[in-house]
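So this first bit is one chain, no partners, the form predicted alone, shown in structure tokens.
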Amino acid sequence: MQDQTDDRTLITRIAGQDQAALRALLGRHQLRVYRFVLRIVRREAVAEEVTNEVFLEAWRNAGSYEARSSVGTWLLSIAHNRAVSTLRRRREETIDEESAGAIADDGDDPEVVAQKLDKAEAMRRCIAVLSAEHRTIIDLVYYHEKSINEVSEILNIPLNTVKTRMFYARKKLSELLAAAGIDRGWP
């Protein structure tokens, strides 16, 4: 709760044109927003551009922040809207396989590390096959640890729609993983 209070204080300061507060907000949320946007747009340069737009919009609209959700949720909502708008504008579907490094457990031997990397890569490939709506739900819930209520706010869709999409996304992901020969255990 302390971070939310601090974030809200930063937003209040940003509304008063405090550039130091914007830098602090960037430091706290920029990486998370960037990663979220990157999973939607799938191009690093575009993700960087959209992330910059998100914080510019936060700068311009800090005075209209109503604190109905956390600042992080508000920023991700802006990010989602900007990313989707950017995709609509560009209308280019390029498949760019992003390789994200997996952090290995220090206690794992090289074989287990290799298995985890293979499985993580297979998981990323399976997630990439999901529809954009399902991929976004999985991303917000599992990678950004957002609640179903927060996802509903971020995507501006009804709660039951989030639940339904989550059900079908998990079902499809399970089928894709099984088809890829991946069991549910880890590594």
Partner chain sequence: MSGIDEQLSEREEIEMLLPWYVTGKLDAADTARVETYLQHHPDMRRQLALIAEEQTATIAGNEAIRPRFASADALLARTATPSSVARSWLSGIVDAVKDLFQAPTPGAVRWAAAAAAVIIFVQAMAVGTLLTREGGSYQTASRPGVEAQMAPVAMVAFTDQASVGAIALLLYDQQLRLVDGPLPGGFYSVRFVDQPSPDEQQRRLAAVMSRKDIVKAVLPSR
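Residue numbers count along the first chain shown, from 1. Source: prediction; values computed, not measured.
Missing here is the form predicted together with its partner chain; even so, the following discussion is about that form.
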Does every residue of Arg43, His80 and Ser85 put a non-hydrogen atom within 4.5 angstroms of its partner chain in the predicted bound form? no
4.5 angstroms heavy atom contact with its partner chain in the predicted bound form for Leu155: no
Are any of the heavy atoms in Glu133 no more than 4.5 Å from a heavy atom of its partner chain in the predicted bound form? no
So in the predicted bound form, does Gln30 come within 4.5 Å of its partner chain, heavy atom to heavy atom? yes
Please run the contact check for Glu145 against its partner chain in the predicted bound form: heavy atoms, 4.5 angstroms, yes or no? yes
Sequence-ordered residues of 41 to 65 touching its partner chain in the predicted bound form, heavy atom within 4.5 Å: Glu48, Glu49, Asn52, Phe55, Leu56, Trp59
